[in-house]
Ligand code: AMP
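Before any questions on how it binds or moves, here is one chain, the form predicted on its own, in structure tokens.
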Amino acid sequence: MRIDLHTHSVVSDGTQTPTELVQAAHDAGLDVLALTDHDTAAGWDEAARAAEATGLELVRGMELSTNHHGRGVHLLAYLPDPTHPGLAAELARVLEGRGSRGPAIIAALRRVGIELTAADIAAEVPGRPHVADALVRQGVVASREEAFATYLNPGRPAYVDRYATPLTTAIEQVGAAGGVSVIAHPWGRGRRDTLSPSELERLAGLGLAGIEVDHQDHDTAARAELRGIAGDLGLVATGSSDHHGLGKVNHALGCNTTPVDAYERLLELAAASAAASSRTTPEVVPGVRT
């Protein structure tokens, strides 16, 4: 079985519809796919219909925007009830912040001589990747990576901060909503100091279920060390592509995958969390396993 537990559609900052993403995953030889758009479950229903049509096993998830010790950390949430009051309130607050962030970024770009309008940004709730794509379409930069490095990263002229849920609160709310949480690419983008082994141990004690070990942001040494930490702490070690369609290079579907035993354990933890929460949580869309 080939299992990819971290992907994005056009519902957040990917470039494929949920249907196109599921079909692409099927065509790439995947057996299991998790749709984890940023801070939203809006693509779940469409992805489920596509998964049923193709025979792909689908895990409903999302990638939460969180803050930890002043740094942004992404938290993958699998199979939570998105209507849980605490989780729903945090998602609404994050999306509200993203909605106000777009106009502020446009204003900042204008101050450095780049004319961009809301109509140029093809997204209902624009985030920095959507702005980056607009800058690529207008020929200001050649890629998303250049847009972030030149204009949109912290310290660059068009960076605008926004609300993100405290990481410990997000872990708590995902658990209360009957789901399980896995920190995405924990040591990517210089976050090792923020998510040190001792800090990961503390978060495991608060309910963290796993860490994403096999990811393009981690080199061989980081993967080996993170895998050891996961084993020592009893955390699930996952692997995934963090696929964004054409929006992110070097993240092809299935470029990293999760072992079957780790996936099965994650599902067991999700089932236990759902039972403990007494919430009606989403089910995995069953697929044809190979």
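The first residue of the shown sequence is 1; numbering continues from there. The model shown is predicted, which means the values in this text are computed figures rather than measured ones.
Below: the form predicted in complex with ligand AMP, not depicted.
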{"query": "Heavy atom distance at most 4.5 Å to ligand AMP in the predicted complex, all of H74, P129 and H244", "finding": "yes"}
{"query": "Option from 169 to 177, 106 to 114, 81 to 89, 142 to 150 whose residues, in the predicted complex, bring a heavy atom within 4.5 Å of ligand AMP", "finding": "142 to 150"}
{"query": "Residue contact check: R189 to ligand AMP in the predicted complex, 4.5 Å heavy atom", "finding": "yes"}
{"query": "Ligand AMP contact in the predicted complex: R162, any heavy atom under 4.5 Å", "finding": "yes"}
{"query": "Interface membership of R101, ligand AMP in the predicted complex, 4.5 Å heavy atom rule", "finding": "yes"}
{"query": "4.5 Å heavy atom contact, K248 to ligand AMP in the predicted complex", "finding": "yes"}
{"query": "Selected contact from H68, H26, R265, H38, since only one has a non-hydrogen atom within 4.5 angstroms of ligand AMP in the predicted complex", "finding": "H38"}
